[in-house]
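Only one chain is shown below, in structure tokens, and it's the form predicted alone.
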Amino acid sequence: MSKKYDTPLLDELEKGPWPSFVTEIKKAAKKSEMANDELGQVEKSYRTKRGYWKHGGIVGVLGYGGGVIGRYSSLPEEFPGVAHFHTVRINQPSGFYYSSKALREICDIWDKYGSGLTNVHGSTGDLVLLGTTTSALEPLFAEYSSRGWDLGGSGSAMRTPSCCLGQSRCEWANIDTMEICHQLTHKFQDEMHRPAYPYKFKIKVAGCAVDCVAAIARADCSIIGTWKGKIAVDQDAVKAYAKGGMNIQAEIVDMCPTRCMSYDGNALSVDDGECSRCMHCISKMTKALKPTGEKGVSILIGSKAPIVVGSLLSWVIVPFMKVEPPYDDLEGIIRKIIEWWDETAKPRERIGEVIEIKGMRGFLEAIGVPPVPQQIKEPRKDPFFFWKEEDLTK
């Protein structure tokens, strides 16, 4: 083991009430040269207010273009343990379910080839392994793949689909999120492992509009469980909520985004034709309200975090779509969406940015989806309408 580093600045990050990444690095540093030198380099970064990680070249495993993010130290002589510090992404199971045996297996292999540091999970999904060398990548991947694990997506590729735990534990889930995620992961294997897109494309599946995976804010394609029928109301349960101290007018009715609910102090009424299925009322009054009728999905497109331009939230593209295993119809519309984006986008443009630039009309025509009111984000800002001849002759 190389010298033990004094880390007065990093030590400050251990003094708060929350778990600290510094504590975890120190634990790993007791038996890992790589983690020990990482402590030294990060402390130096805090002291000099400069970053010393650099990217250079492409690293990976044979046959895969994604799943490994190359990272190197720009101070390899001073911190030789992190001269290479590559990140490896492991494709997570649907719903992020792991057995203790599986976690031990992942960690035992990682201790053998890497720093011992992990990130559970990255914002896309993927269990992230932080810090290994180029020479260790092939044997590392061989051991993981022999036990049934695969690499996740990285780069300008399909990123690893992720989902909430859905019907396995949640009473609000309208769809089998885990099976949809599992099927789409297998259908898009080539697109995940061999980057060929203008930029990244993320799919997230949420069982309802509560959206515990934050798909509406973070996914290029959000698949949200919904329903077609009415909201069933148990008036006795409504009275029990009121008796228990809930202010139904303020907490439920006034919070409804479409103002489709009313309450007279005794009974709660719902105008189902105006309901947008946002799930606010159902999540607050689970014992009194529940969805009924046919279940399916809403498909939304275009959210992203701010990088080149500002952040975007998703548009509704398909308000309701019936889905059943093996989800070929869902795969089909996603492939049409990607084909238009792949042909239209410039490098490093996400699909939401392209739709904002090119317009919703051309996008909908390309993917064969008719325009509906739910696709409109806001009213037009100008009075001009442009018609094609075929629009007037239909």
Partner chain sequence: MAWLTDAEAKAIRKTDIGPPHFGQFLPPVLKKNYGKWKYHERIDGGTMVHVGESGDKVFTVRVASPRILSTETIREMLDIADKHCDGYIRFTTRNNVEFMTPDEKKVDGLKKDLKAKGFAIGGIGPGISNMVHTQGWIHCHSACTDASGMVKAIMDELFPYFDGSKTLPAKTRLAMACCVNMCGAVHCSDIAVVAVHRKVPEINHDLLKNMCEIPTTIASCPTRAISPDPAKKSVKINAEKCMYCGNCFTVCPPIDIHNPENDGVAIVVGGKIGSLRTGPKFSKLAIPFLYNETPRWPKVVDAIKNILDVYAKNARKHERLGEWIERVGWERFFSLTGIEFTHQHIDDFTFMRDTMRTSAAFKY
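Bear in mind the structure is a predicted one, so any value in this text is a computation, not a measurement. Only the largest set of C-alpha atoms that superpose within 1.5 Å between the two forms is called the rigid core. Residue numbers count along the first chain shown, from 1.
The same protein has a further form, the form predicted together with its partner chain, not shown here; the description that follows concerns it.
Problem set entry | Options 225-233, 262-270, 121-129, 73-81; stretch whose heavy atom lies within 4.5 Å of its partner chain in the model of the complex | It is the stretch 121-129.
Problem set entry | 326, 362, 51, 332 - the one with a heavy atom within 4.5 Å of its partner chain in the model of the complex | Of the listed residues, the single hit is 51.
For this session: May I ask you to check whether residue 319 falls inside a 4.5 Å heavy atom distance of its partner chain in the model of the complex?
Result: No, residue 319 sits far enough from its partner chain in the model of the complex that none of its heavy atoms falls within 4.5 Å.
Exercise. For residue 249, is any heavy atom within 4.5 Å of its partner chain in the model of the complex, or not?
Worked result: Outside the cut-off, so no.
For this session: May I ask you to check whether residue 138 falls inside a 4.5 Å heavy atom distance of its partner chain in the model of the complex?
Result: Yes.
Exercise. Heavy atoms within 4.5 Å of its partner chain in the model of the complex: does residue 18 have any?
Worked result: Because a heavy atom of residue 18 falls inside 4.5 Å of its partner chain in the model of the complex, the answer is yes.
Problem set entry | Stretch 134-167: residues contacting its partner chain in the model of the complex, 4.5 Å heavy atom cut-off | Those in contact are 135, 136, 138, 139, 141, 142, 143, 145, 146, 148, 149, 150, 163, 165, 167.
For this session: Kindly check if the Cα atom of residue 83 is displaced 2 angstroms or more between the shown form and the other one relative to the superposed rigid core.
Result: Comparing forms between the shown form and the other one, the residue 83 CA shifts below 2 Å.
Exercise. Does residue 234 show a Cα shift reaching 2 Å between the shown form and the other one after rigid-core superposition?
Worked result: Yes, the C-alpha position differs by at least 2 Å between the shown form and the other one.
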